[in-house]
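What follows are structure tokens for two forms of the same protein chain, given separately as structure 1 and structure 2.
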Structure 1
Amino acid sequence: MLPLESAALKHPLLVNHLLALGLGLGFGAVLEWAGLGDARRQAAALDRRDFSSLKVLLTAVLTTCLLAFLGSSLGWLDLSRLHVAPSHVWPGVLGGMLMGLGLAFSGHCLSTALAAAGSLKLDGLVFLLGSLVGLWLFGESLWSFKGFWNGSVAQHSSLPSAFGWSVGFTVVAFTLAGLALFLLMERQEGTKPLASRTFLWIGSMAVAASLMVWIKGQPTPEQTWKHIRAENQPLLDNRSVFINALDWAKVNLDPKLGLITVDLRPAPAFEAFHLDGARLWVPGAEKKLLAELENAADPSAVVLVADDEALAVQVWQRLRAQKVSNLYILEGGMAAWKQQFSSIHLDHFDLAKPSAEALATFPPEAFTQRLKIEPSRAASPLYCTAH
């Protein structure tokens, strides 16, 4: 299943360099072939005379969108392993405005300027020199607005989750909006797009593909688990994700470490006794947990607590399929927990939150230290499969 994991290859850096070189060659060739290296074409689009450059960009965005989501619907591409820049609202708005001003003045963006420089256009080269200065100024002055730059993290990372729409519906709406925009642009240019075979062919293909994305839907966590089973099932089989009570208690005492405890037992059992800070697994809790993990600045460990190990394993597989990392199961559930601390006879001992004093009564070898909190490999996964 795509995307390719170059990290698993023999020479990942060399492979990445070669792939990047090839993709760059293609990118530069198409930009120049489409005439986007000519700044006058960008200016003509802003002046609403010739929308060619805008048509190229919008068609490209639509094409990638349809290929990616169709690939995901058909089970060929795992969207949650693709990386995009994180969403910071106000820095994004300000950065976009500055780039818009730069585009209006120069007729270039970084890609078209590189294409222009490649075809020996001096305006492209001078633009690139200017961009090096702009970037240097940004780096040198960042200390004065670092809080702003790192702030205003968007609550949702994708349009479907922001609008509460399904991915399929969003793709269809985007496709139709894009086609309507093309018709408007053609009308402004005084052409008749519906008489163009290329336009009709590409337009029909786009609508058909978007409808297919909507009808097929996105893979469920259970379907995704089938694809990632070979990689993840050994973690359950060799029990490396099962932690003992002392592991949990030790991490719980460290306020710097993020720990989310999810109690899968029925509500009456939870009400009777639960671990410090544990949350009950009720309908809707999964969505809330995924959103919380997605927006957290620092990684957290998630520990599942259940008396029925089969249930814990089932939920572990479901969450793992949705890219939850640092995911563990409390071995033996509450019965093992109570058994572990049955020998403690300290005054004011809180079984839900064992103190450092209580933990000091255990020999060091009793702590297995399996619970580790590591940064997620996917720095900014956009889609969990449940979306």
Structure 2
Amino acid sequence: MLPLESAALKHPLLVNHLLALGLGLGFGAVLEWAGLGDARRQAAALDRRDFSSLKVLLTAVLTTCLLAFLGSSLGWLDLSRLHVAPSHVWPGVLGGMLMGLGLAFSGHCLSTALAAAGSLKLDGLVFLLGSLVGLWLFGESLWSFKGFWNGSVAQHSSLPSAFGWSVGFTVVAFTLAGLALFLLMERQEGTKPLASRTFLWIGSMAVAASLMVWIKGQPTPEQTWKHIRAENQPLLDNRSVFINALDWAKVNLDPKLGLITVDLRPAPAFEAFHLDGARLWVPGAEKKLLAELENAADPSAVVLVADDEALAVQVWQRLRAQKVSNLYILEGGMAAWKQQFSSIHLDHFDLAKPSAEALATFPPEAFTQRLKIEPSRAASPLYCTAH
């Protein structure tokens, strides 16, 4: 299954470089073949005479969308392993406006300038040089507007999360909207008959593919687990994701560290006693947790608490399949927790939130540091759940 595993490749670095080179050359060749290395053709879209550049871009986006989600539906591509970069909303809006001005003045964007420079066009070479200078200036001056740059970060913006749509419905709607926009541009140009036979064939295939994505749906977490089991099951087998009570209590005392404790026990047991800040695992809690982790600015550790270890493992596998990182299980559940602190005899001792004074009664060798909070490159849950 794609994407390729680096560990399974004999020379992963060489393969990565060859893939990057091949994709780059192919992308440049397509741009040049479509005539987008010509600045005059790019600029013609601004006065609505020639939409070639927009039609090439729209075709690429629609093709990628359909192949990616169809491949995911058929089990050929694991989209949960693809990184979804955060969006800088207002800087992106401003950058888009500046890019539009640059396109209006020069007739190029960075990719088409590279294609033009590859064919030794002087305007492409000049634009490319200016882009490199601009990138350097941006990097050197970022510190001066860092607040604006980081002030509107959206971790995983998507149409399904914004409108509450399923992935399949989103793909169908996006495909129909794209085809309608393509027809509108063809009509505006007025050089070709509207809805040609080629367009009808290709459009019908695109709609059929989008409907297949909608009908078949995306892989469930259980199906995704089968693909990632080989690399994740050892974490359960060697119990490296099982933490003891002292480890949790120590991290819980540090306000700088994000800690989310999820209690999987029945509601009566939770109401009788639960750890400090713990939340009950109720219907809908999984979706809420994934959304919280998706939009969090800083990574957090998630600790599952259950007296039934099999249940904790099952939920761990499900969340791990949805790319939740820093995910742990409290070893032994509440029984082990109470046993761990049964020897503490301090005034005002809170069993749900042991203090630093309580932890100081244990020798240093009693602490096994397994709980670590590392930066996450998780994909959006959009790509990991069935619809």
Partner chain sequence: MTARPHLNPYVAGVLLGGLVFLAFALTQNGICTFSSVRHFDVALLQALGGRHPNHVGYFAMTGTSVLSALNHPAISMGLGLLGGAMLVAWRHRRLKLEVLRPDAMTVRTRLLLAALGGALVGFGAAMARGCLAGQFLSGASLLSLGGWIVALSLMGTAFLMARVVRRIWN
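Definition used throughout: the rigid core is the maximal C-alpha set that superposes within 1.5 Å between two forms. Numbers given to residues start at 1 and step along the sequence of structure 1. Note that the structure is a prediction, hence the values are computed from the model and not measured.
Between the two displayed forms of this chain, it is structure 1 that matches the form predicted in complex with the partner chain. For Q369, a C-alpha deviation below 2 angstroms is recorded between the two structures after rigid-core alignment.
The two forms, fitted on their core, place the C-alpha of N16 2.4 Å apart, compared between the two structures.
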